[in-house]
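There is one chain below, alone, in structure tokens, taken in the form predicted on its own.
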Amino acid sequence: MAGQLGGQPIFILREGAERSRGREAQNSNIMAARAVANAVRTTLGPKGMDKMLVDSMGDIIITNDGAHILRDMDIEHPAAKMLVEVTKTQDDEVGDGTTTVAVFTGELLKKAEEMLNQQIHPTIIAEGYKMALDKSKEILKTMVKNVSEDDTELLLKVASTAITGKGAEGGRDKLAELSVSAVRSVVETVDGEKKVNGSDIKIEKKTGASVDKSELIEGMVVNRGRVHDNMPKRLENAKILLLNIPVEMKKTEVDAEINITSPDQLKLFLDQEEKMLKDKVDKIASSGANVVFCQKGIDDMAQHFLAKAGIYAIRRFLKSDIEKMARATGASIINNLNDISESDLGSAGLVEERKVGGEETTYVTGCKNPKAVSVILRGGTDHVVENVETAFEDSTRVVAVVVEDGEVLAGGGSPEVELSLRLKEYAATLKGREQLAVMAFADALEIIPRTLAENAGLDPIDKLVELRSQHERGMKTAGLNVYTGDVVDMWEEGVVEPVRIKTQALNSAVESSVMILRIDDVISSTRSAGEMGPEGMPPGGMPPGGMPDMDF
């Protein structure tokens, strides 16, 4: 990038920097974002195909979850990365609809490119898209149905819709049931509003059994067994102590040296060490605790004393798990053995060790009012269990959103067709050039039912015409049954999803499209190949992994 001053060029950017301006920059960004959208388009809907992702280590992931695919793809283009962020936001906020938002964003940009070719300014397109978004939210409000936390049948339909197409259809009913039960177990009312904290639902994956063997535990399941074989395997009416300190000899704060000159002195030293460990165990036992979950280590000698006292102990307990255990059992997390009181202990009806999927697993059940629950997901192979976990997480998040918002919508492409028709009527009332952008937005919405039909092997044009016809007759919930190829009432089919999936997808798609459209200059700074940093190092310091001859 250079300017002219008195015939001399003035260089502003570093040599080797790249710059693209105007339509060239817009076309490049739009093309990159559309390429990302097309990459996940075939995964949309119950009949969507899967993607196999192989990483640099040769590990394989098979999935059709849009956010998962885009997260694991090694995407370089900055505009394409923006689309990845959109899907990540959708996944974080709602848990489903990630492919929908990517495909819709890609279509909005395609329509915008057509308008740019007609010399319509990006600002006009952005304004029209925002007007269409506001109108869409108004229209969606007329299509909403309210739902309560007690409406089990509708919540199961919501969960089933989220699971469909995730590669876990074999156990769909079981997973839907587990999702609804898990969410109901952890829902809390804060200031009159229902809140669901997804981290209160702990997932343990185990291979070696069918999906139908998955189960919900009203309490906690820990993927660890007892630290000592002489400890009891099963304890009823458990009193649980949670420790955030090691049950080991404490290292001195200063360097010290002990000179031992005779065997008697060594024995005294070891006896004293043993006594100190026994004192620690005695403090634990005197508190009334018979189960100990320790976040740090437990010395071998301390394990022996704990076993003799009939105490069930687990060490190296994860911080996230110890917090969930505190919520599930009502225990306090202890940082000092001298401060233990009976009120700090949690309680559970039963603590026992079982062998699940070839691994020792601890079950903590019978909690009086568990604020955290565990779900054990089963599957024949690791890939199956991964798909089951993705499906379960999506359905759980979607059910949680419905419980929090209390609003649902018919699915199967019906909201998009209805919005498209109503927006075209709205566009006809506009006088400026924004009318073209609103019309383009309405056309872009039809990419969802069109893609659903394509992925099911149906003729997209025939199905789109049929859908429009039904909606023109006033059937607002008419959608596409991808299994039969018929246009039917989605409410009766039980295809239901949260309103937040649609509103979040529309918001994110418009915001990212507008952001990409408003970029008219892309400047990429690169260092020249011959440039070196201080002391002969490449720019930016040492290369990753050190110099070739360095041995770490």
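Numbering starts at 1 and follows the sequence shown. Everything quoted here is computed from the prediction, not taken from an experiment.
The form predicted in complex with a small molecule exists for this protein as well; it is not shown, and the discussion that follows is about that form.
Enquirer: Can you check 229-237, 478-486, 211-219, 125-133 and let me know which stretch has heavy atoms within 4.5 Å of the small molecule in the model of the complex?
Expert: Going by heavy atoms within 4.5 Å, the stretch is 478-486.
Enquirer: Is there a heavy atom of Thr100 no more than 4.5 Å from a heavy atom of the small molecule in the model of the complex?
Expert: Answer yes; at least one heavy atom of Thr100 falls within 4.5 Å of the small molecule in the model of the complex.
Enquirer: Is Leu452 one of the residues lying within 4.5 Å of the small molecule in the model of the complex, judged by heavy atom distances?
Expert: Although the small molecule is absent here, Leu452 would touch it in the model of the complex, with heavy atoms inside 4.5 Å.
Enquirer: Even though the partner isn't displayed, in the model of the complex is Lys502 close enough to the small molecule, meaning a heavy atom within 4.5 Å?
Expert: Taking the distances in the model of the complex, the answer for Lys502 is yes, it comes within 4.5 Å of the small molecule.
Enquirer: Determine whether any heavy atom of Val388 comes within 4.5 Å of a heavy atom of the small molecule in the model of the complex, and answer yes or no.
Expert: Looking in the model of the complex, residue contacts with the small molecule do not include Val388, since no heavy atom lies within 4.5 Å.
Enquirer: Quick check on this chain: which one of Gln303, Asn290, Ser374, Thr164 has a heavy atom within 4.5 Å of the small molecule in the model of the complex?
Expert: It is Thr164 that has a heavy atom within 4.5 Å of the partner.
Enquirer: State the residue from Ile314, Ile448, Ala331, Ala427 whose non-hydrogen atoms include one within 4.5 Å of the small molecule in the model of the complex.
Expert: Among Ile314, Ile448, Ala331, Ala427, a heavy atom within 4.5 Å of the small molecule in the model of the complex occurs only for Ile448.
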